[in-house]
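Form predicted alone, single chain, as structure tokens, below.
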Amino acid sequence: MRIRVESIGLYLGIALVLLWTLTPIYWIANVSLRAGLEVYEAFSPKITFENYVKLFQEGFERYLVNTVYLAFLSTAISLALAVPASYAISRLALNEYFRRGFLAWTLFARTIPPIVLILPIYVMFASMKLLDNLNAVAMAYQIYTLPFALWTLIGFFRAVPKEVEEAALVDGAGPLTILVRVMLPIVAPGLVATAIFCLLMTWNEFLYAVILLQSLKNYTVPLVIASYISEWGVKWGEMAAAGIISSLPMLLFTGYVQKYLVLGFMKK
């Protein structure tokens, strides 16, 4: 009897979790397939792809390309800087005060609320004529992604046995050779996991994009979705369709590299 009550409680808990997580997805998918006042109906036999057609008639693919470009460029910059830095911090014989001070500084930079940093960044970019520039925004996104990538990769590098490096040293390899040809293949799952989380952080970023990007041609998807809310009303159908379309690339990408993500967490 006790086991039966526990089983019922378990299934009830699973049902509540599924209801909690799937209801928003159902709502956004349902609204994206409605037109006019039907967006307020939870169940309706009529479906239409009118909202999706409108999006691409208005050039939504441009904003999607901007978002993809910005996300991958930001992630590439973060990994290019974080890989050698995390390897040096975790493996090379550096001064202990410098090591701890550097890590504390990067952690402190990550804990500062982004709204505090955007004003000096805006003034600096304006003086350098870098406003409304996607490449400059990718640099600004390093405030989010670089400390995260650095701290995450340090854990993966520290998990590699030192005997592996010592064997490479015996064979005459230098630090750069060891990093590129020995360490990177070993921590590849960790690199993939770090890249996925960096992509997710930049894919949905709104604050810096809305302040630093000024022309419509450079807008990212989060900015376009926010523009559907205006003083004349809310375009629920187009907003929901844009949300569905913008979610698909990350879902497909994450599904494709999922095995590397799992391996990364297992090795860490």
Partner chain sequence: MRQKIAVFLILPSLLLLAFLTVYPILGVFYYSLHAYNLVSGEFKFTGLNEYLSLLKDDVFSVSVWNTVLFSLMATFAQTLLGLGVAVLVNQRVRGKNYIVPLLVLPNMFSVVVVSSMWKLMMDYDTGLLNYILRFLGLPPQAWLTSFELALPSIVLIDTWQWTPVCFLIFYAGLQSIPRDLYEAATLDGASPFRTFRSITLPLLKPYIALVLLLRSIDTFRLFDKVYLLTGGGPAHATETISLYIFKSGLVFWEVGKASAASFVMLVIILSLSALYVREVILK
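Small disclaimer: the values here were computed from a predicted structure and weren't measured. Residue numbers count along the first chain shown, from 1.
Form predicted in complex with the partner chain: not shown, discussed below.
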{"query": "Proximity to the partner chain in the model of the complex, single hit among 94, 180, 164, 159 (heavy atom within 4.5 Å)", "finding": "94"}
{"query": "Of 31, 199, 70, 213, the one that lies within 4.5 Å of the partner chain in the model of the complex (heavy atoms)", "finding": "31"}
{"query": "Distance check, residue 35 to the partner chain in the model of the complex, heavy atom within 4.5 Å", "finding": "no"}
{"query": "4.5 Å heavy atom contact, residue 129 to the partner chain in the model of the complex", "finding": "no"}
{"query": "The partner chain contact in the model of the complex: residue 48, any heavy atom under 4.5 Å", "finding": "no"}
{"query": "Exercise: residue 152 in contact with the partner chain in the model of the complex, heavy atom 4.5 Å", "finding": "no"}
{"query": "Sequence-ordered list of residues in 67 to 92 near the partner chain in the model of the complex, where near means a heavy atom within 4.5 Å", "finding": "81, 82, 84, 85, 87, 88, 89, 92"}
